[in-house]
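Just the one chain here, the form predicted on its own, laid out as structure tokens.
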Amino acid sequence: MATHRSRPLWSRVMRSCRLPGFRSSWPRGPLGARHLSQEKQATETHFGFETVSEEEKGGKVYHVFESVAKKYDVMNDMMSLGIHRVWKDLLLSKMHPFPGTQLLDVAGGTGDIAFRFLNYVHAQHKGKQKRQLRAQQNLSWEEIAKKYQSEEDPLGGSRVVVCDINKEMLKIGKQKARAQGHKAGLAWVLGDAEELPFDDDKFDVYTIAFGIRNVTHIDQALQEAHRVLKPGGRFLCLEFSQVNNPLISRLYDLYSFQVIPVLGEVVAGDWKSYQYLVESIRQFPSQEEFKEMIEDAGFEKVTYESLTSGIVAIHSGFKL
């Protein structure tokens, strides 16, 4: 299990001046061992199959999602033939949030996971309320009506914060939230997965769906996930992975490289962004390799479940 990093006195003083729940952007001291993004060394990394500097990759990834934001949800449906909805439902089922759960959804700009979470906890809370009322057989209909009307929080105290580095993705998410009537229990924060703007030990669950492969320093993002989770908190990641069936793998490659970029050009007017998305999937670690990375970040009881022959996988870990 990862140990807490010691902080110099000045860092602790600055931390006491922060707004509740948010971290200062003040850099950590030598014992913190982490610099701000603009101070990162310009070492090389990959952008799809292209080799670029780490600084350059951040800008390129930002441009990709800025470009595809308006058509992001439509393209997800077309590329996966709608199966991504099932994968996300399975993620929520695996999470099985309890009343009062505080969720951080990173790289969740368009709100797919957040809205599922809100619907899930609302249904859970409503079901609990009905069970309680059924157990009280002697209540009159007036008393039952009053109990429903006096319900102040339909989410039972549950909250979700959507954190994304891309303004356009957050903009689309907010528009969807208004259209779907989501107001309570939902917050939107512009932030970097590698330097989350939240205090330590703040959330019960951290989710990231189809986002971590776009992060420049995956290990750093995992360490940040561990930091912001409460002791006992859970990490859940839904991401493209390694197909474990040779025949399906060949068909999947054919579809990915020959069809998806064409769909991107026809539907979103953007071939290059979807070529990158396809290539980025092939650069992402296998299920076992990613499991080891999660463990290296300090998580315990790390497991994964491959879905649709390994096209995607859900990884789970706990901060114990």
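Worth saying up front: this structure is predicted, and the values here are computed from it rather than measured. A residue's number is simply how far along the shown sequence it sits, counting from 1.
The next section is about a form of this same protein that is not shown, the form predicted in complex with a small molecule.
Enquirer: Taking 4.5 Å between heavy atoms as the contact cutoff, choose which of Ile165, Ile218, Val205, Ile172 touches the small molecule in the predicted complex.
Expert: The residue in contact is Ile165.
Enquirer: By the heavy atom within 4.5 Å rule, which residue out of Cys237, Leu118, Ala193, Val161 makes contact with the small molecule in the predicted complex?
Expert: The residue in contact is Ala193.
Enquirer: With the small molecule left out here, work out from 103-111, 222-230, 197-205, 180-188 which stretch has heavy atoms within 4.5 Å of it in the predicted complex.
Expert: Among the candidates, contact is made by 103-111.
Enquirer: Identify whether the small molecule in the predicted complex is within 4.5 Å of every residue in the set Phe65, Lys88 and Ala209, based on non-hydrogen atoms.
Expert: The answer is yes: all three residues contact the partner (heavy atom, 4.5 Å cut-off).
Enquirer: Does the small molecule come within 4.5 Å of any heavy atom of Ser241 in the predicted complex?
Expert: Contact with the small molecule, no.
Enquirer: Any of the heavy atoms of Val61 lying within 4.5 Å of the small molecule in the predicted complex?
Expert: Result yes; Val61 sits at the interface with the small molecule in the predicted complex.
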